[in-house]
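One chain comes next, on its own, written out as structure tokens in the form predicted on its own.
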């Protein structure tokens, strides 16, 4: 099934806010076998909203909108939808009760603008927003359905997961089964991997697709199948998964669509290993990535952000002669850093990193983007130098990912 998404808000068109709702909806609607046909971003303008809805309904029977449902005067979506679908504004007691409950949970006092959220078009069915004050509205016109949701990502994501997706499945009575299988692959560029899998792709059934989802440093391969016979679909996905495993071997580091930091954490926890980090150019970003994952306290003990040479020497025990001779961005410095942080925090594994993220600070021998990384697992240490392109944040991102990959590969081979 195809659907359209309309994202509403002036703030999106001037770049003040970035739309994340459409991407989240697409990722989470796809597992039920539905595909986003188009995404439109429009201003808080009644004519623009109407035109976008007209165009969307020409393409699909289902339209999802986000934004424009707040209590302020520039949030005009509700009134515009009333004009499109008919009816009048009514004060809905169930919505009023929901608004009061949400406000009370936040220990706030209700004001007239928030209370006005209880006014809804009589032509809609309200889905109560359990995490916000703006009601979610379900409109129908013939076989067409429009669901209007708030623009706050947390509210959209929560209500889509708990209420809207289940109700959409029930309404449209989807009969096809869908199966996904994701493989996280390292050590290949996208083009080299595509050549490697050329023969494999030639005999994939028409109802199964292989997608390449590259990120710097790794590629996610996703098998997606849609079929009316669940057993046939599952068996074919299983056979293809086994074949991919045979072809790619240890280059597959996960059979789930997980962040690299979570894959690393899972391996640490499985082996009952602990890890620490010593970070210069990444400024704690590796530790930040690791601690995004619930349960990381089982394996992550701490980090030293050693931006200055004084901290490298006084906390981590880096020799002053090493810094004088080789510099902070060097092989010997990161080796001494990784040994120092592992000893200081008492961990089985450690990551140390030092580099030049830019835009300034580079030299002819060590240009911007030069990063040394050292990883340790028990008594084994691996060290490498990288030269990352791009701006400061891109260098930090790539350095963090490579550090996690190096550590993971060392642990897997330990």
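This one's a predicted model, so the numbers in the text were calculated from it and none came from an experiment. Positions refer to the first chain, counted from 1. By rigid core we mean the largest C-alpha set that fits within 1.5 Å across both forms.
Omitted here: the form predicted together with a further copy of the same chain. The next part is about that form.
- Residue contact with a further copy of the same chain in the predicted complex: residue 403 places no heavy atom within 4.5 Å of it.
- Shown alone here, residue 48 lies within 4.5 Å of a further copy of the same chain in the predicted complex, counting heavy atoms only.
- The shortest heavy atom separation between residue 363 and a further copy of the same chain in the predicted complex exceeds 4.5 Å.
- Looking at residue 149, you'd find every heavy atom of it more than 4.5 angstroms from a further copy of the same chain in the predicted complex.
- Highlighted residues 195, 285 and 291: every one comes within 4.5 Å of a further copy of the same chain in the predicted complex, counting any heavy atom.
- The stretch among 301 to 309, 228 to 236, 329 to 337, 86 to 94 whose residues place heavy atoms within 4.5 Å of a further copy of the same chain in the predicted complex is 301 to 309.
- For the residues 39, 381, 368, 32, the 4.5 Å heavy atom test against a further copy of the same chain in the predicted complex is passed only by 39.
- Residues 10, 11, 13, 14, 15, 16, 17, 18, 19, 20, 23 are the ones in 4 to 23 with at least one heavy atom within 4.5 Å of a further copy of the same chain in the predicted complex, listed in sequence order.
- A displacement of less than 2 angstroms separates the C-alpha positions of residue 387 between the shown form and the other one, with the rigid core held in common.
- In this overlay on the rigid core, residue 37 has a C-alpha that sits 2 Å or more away from its partner position between the shown form and the other one.
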